[in-house]
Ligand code: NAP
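Shown here is one chain on its own, the form predicted on its own, set out as structure tokens.
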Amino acid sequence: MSFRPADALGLQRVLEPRGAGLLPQQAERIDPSLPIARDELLIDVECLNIDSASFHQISNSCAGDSAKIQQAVLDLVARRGKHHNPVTGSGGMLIGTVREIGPDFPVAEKPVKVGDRIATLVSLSLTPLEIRKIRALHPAIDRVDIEGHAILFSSGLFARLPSDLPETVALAVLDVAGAPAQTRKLVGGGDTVLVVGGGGKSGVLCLYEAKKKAGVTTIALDYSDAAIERLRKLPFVDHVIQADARKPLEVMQKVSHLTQGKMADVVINVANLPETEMSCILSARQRGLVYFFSMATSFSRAALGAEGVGADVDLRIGNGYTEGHADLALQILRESPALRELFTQTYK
């Protein structure tokens, strides 16, 4: 059996631009072809959980037409060798079964065997991917069922699927596992925490994790009636604000009224729409913290916007990886009957 040379970062799979020393995530096009390298993992892919901002953008560009969305996904992956949305810059993650393990893959550090069903914890924007066929589209939950293969580098992260949760539920949770893990690190006792886009899957996980800290007040902001109704049923959400996060003055006024002018100590942005940066910045107190987990964020808009309104706030860029994030996110569903029911009903 022949293998490509070992390459922990997958540099040999960069096709365009050649010779620029780019990582696969930065590359315009990468190579998903076989054979795998000595330190790679080959996965038979069953479904893609596309990043919410990316799926929303693709759906809008296709006017919500299912056939056009499927073709857009096929064309994107065929063109780039990965699911890397050029508009949002984001990808998603996948579920599949391990078909082959290179002899130099670090199984001692990352235990895995052929036949294991896993979810990748690295973005599809850097994962070599080939789609042979799209089997089904699930627009309500940003999921695409496919036949195809993907390749995981030895530097990549993955989680074996838990036996006590439905696979679709586990996929939805693992897709945003970094958000509640970062929330645990950022929120302190007694903080007032605002989650913008709080009605989505990452939003409710962040709200739950924030509320575990002593004396925390949680505020969820979302726009749709369905999201607001969902949030009002959750026992760990103290206050719910219905507003369009693209309208910063409206949001600021509502947060100010609710907090009696004190504003939020920590603002977490998980909205899947662009142009929500200033609502978050204006909702934070001076020397507060704004954490942008949303892949729809323009970080130049956030930085320049904060400067323009004289906001002395700590702006943080979301990192999808925190040590132990997968276990933490799955544990939330084991701890919270309300969230387990919500995810089970939503991600059937």
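Not measured: the values here are computed from a predicted model. For every residue, the number given is its place in the sequence shown, counted from 1.
There is another form of the same protein, the form predicted in complex with the named molecule; it is not shown, and what comes next is about it.
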>> I have 70, 128 and 133 flagged as a candidate spot, so tell me whether each of them has a non-hydrogen atom within 4.5 Å of the named molecule in the predicted bound form.
In response: no
> Should residue 183 be counted as a contact of the named molecule in the predicted bound form, where contact means heavy atoms within 4.5 Å?
Replying inline: no
> Does residue 283 reach the named molecule in the predicted bound form if we count a contact as any heavy atom within 4.5 Å?
Replying inline: no
> residue 244 near the named molecule in the predicted bound form, any heavy atom under 4.5 Å?
Replying inline: yes
> Does the named molecule get within 4.5 angstroms of any non-hydrogen atom of residue 318 in the predicted bound form?
Replying inline: yes
>> Looking at heavy atoms inside 4.5 Å, which stretch does the named molecule contact in the predicted bound form, given the options 62 to 70, 305 to 313, 36 to 44, 289 to 297?
In response: 289 to 297
> So which of 267, 94, 270, 207 gets a non-hydrogen atom within 4.5 Å of the named molecule in the predicted bound form?
Replying inline: 270
> So which of 219, 176, 187, 263 gets a non-hydrogen atom within 4.5 Å of the named molecule in the predicted bound form?
Replying inline: 176
>> At 4.5 Å, heavy atom to heavy atom, what parts of 175 to 213 sit next to the named molecule in the predicted bound form? List them in sequence order, or say none.
In response: 175, 176, 197, 199, 200, 201, 202, 203
